[in-house]
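What follows is a single chain, given as structure tokens, in the form predicted on its own.
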Amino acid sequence: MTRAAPMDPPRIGVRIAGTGRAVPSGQLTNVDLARLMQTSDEWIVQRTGIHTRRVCDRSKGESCLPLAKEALTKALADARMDARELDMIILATLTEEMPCPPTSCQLAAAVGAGPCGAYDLSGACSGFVFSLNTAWSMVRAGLHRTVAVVGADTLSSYMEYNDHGRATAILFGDAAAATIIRATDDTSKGIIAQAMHTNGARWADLYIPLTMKHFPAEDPPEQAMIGRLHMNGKSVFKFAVSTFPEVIEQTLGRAGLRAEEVDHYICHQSNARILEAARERFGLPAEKLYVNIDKYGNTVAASVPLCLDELREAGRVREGQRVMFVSFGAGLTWGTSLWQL
């Protein structure tokens, strides 16, 4: 029996057709936090670069789903397309509306999409970049022509705004942002190189326990901390500082490019000091590594697409450029997605 020759990959390009973002109405400034816990504006800014963050007001119905709907609606309008043209919705989130159904399915109904595929992807702060790589693979393989990738997280629901929760409460904000991925005849467009990694042995550096059994051996269980975010700040900071430049170098190597040949590095906004260290490591000008953590805090899966939408709106990110998306977070996870736009 003659073995069939492997199929050639379909010659399909992939482009970013539209973006959109949404943030809650409420703001929580460093001055506000100083009234709730032992901290100060100077202390927070010096260590994180954050001045304020957006926080959902549950009494106004603000949560993950409404934010995701607004962001996706704006992205569809930016792409000049109808929601019924979507083949798939991937929602990167760890703050779903409920365990069942997937929030992505509710999102599809909310924007008038369907029948299309929809699923949630839980990758924490790496969720959007992992989802973006997944969407590209689907379109590149010819399985779908149009995929919406949404990052939406509202970690304020897992915060404790007092001295006990100070280490995490100063960091996180709520937001959503969406990107429309579409097939194109221009085969030069799409991912040049990408990376996705995890070190699951370090899961206890950043976690949210839901039962007493979820606490690791080194972290004494507390009933009051059920449903609250736990973070080993020093360990996560060291991980990010070392991993961030390593994964950028790895991706540049796979693409055969030098750091200066990439037009923008759109990175997860976890800490301004980490971003500045990476920028200096590669000798990048400030305009090539965007920072908005001062306005929003760490918005988890929404962080990277939030930056992308602001840059596109300002006309700074445009077709023909090379853009690397970089993320790292709970899991521990880290990854990249290097695009030719």
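Note that residue numbering follows the sequence shown and begins at 1. The shown structure was predicted, so the numbers you read here are calculated from the model rather than taken from an experiment.
Beyond what is shown, the protein has a form predicted in complex with a small molecule; the following relates to that form.
Stretch 227-235 is the answer when you ask which of 111-119, 77-85, 227-235, 138-146 has residues with heavy atoms within 4.5 Å of the small molecule in the predicted complex. Of the residues given (R316, R58, R273, R281), R273 alone sits with a heavy atom within 4.5 Å of the small molecule in the predicted complex. In terms of contact with the small molecule in the predicted complex, the residue from L155, I170, I181, C267 that brings a heavy atom within 4.5 Å is I170. Interface membership of C125, defined by any non-hydrogen atom within 4.5 Å of the small molecule in the predicted complex, is confirmed.
The closest non-hydrogen atom of T48 lies within 4.5 Å of the small molecule in the predicted complex. Interface residue remark: T39 is counted as part of the site for the small molecule in the predicted complex, having a heavy atom within 4.5 Å. Interface membership of F328, defined by any non-hydrogen atom within 4.5 Å of the small molecule in the predicted complex, is confirmed.
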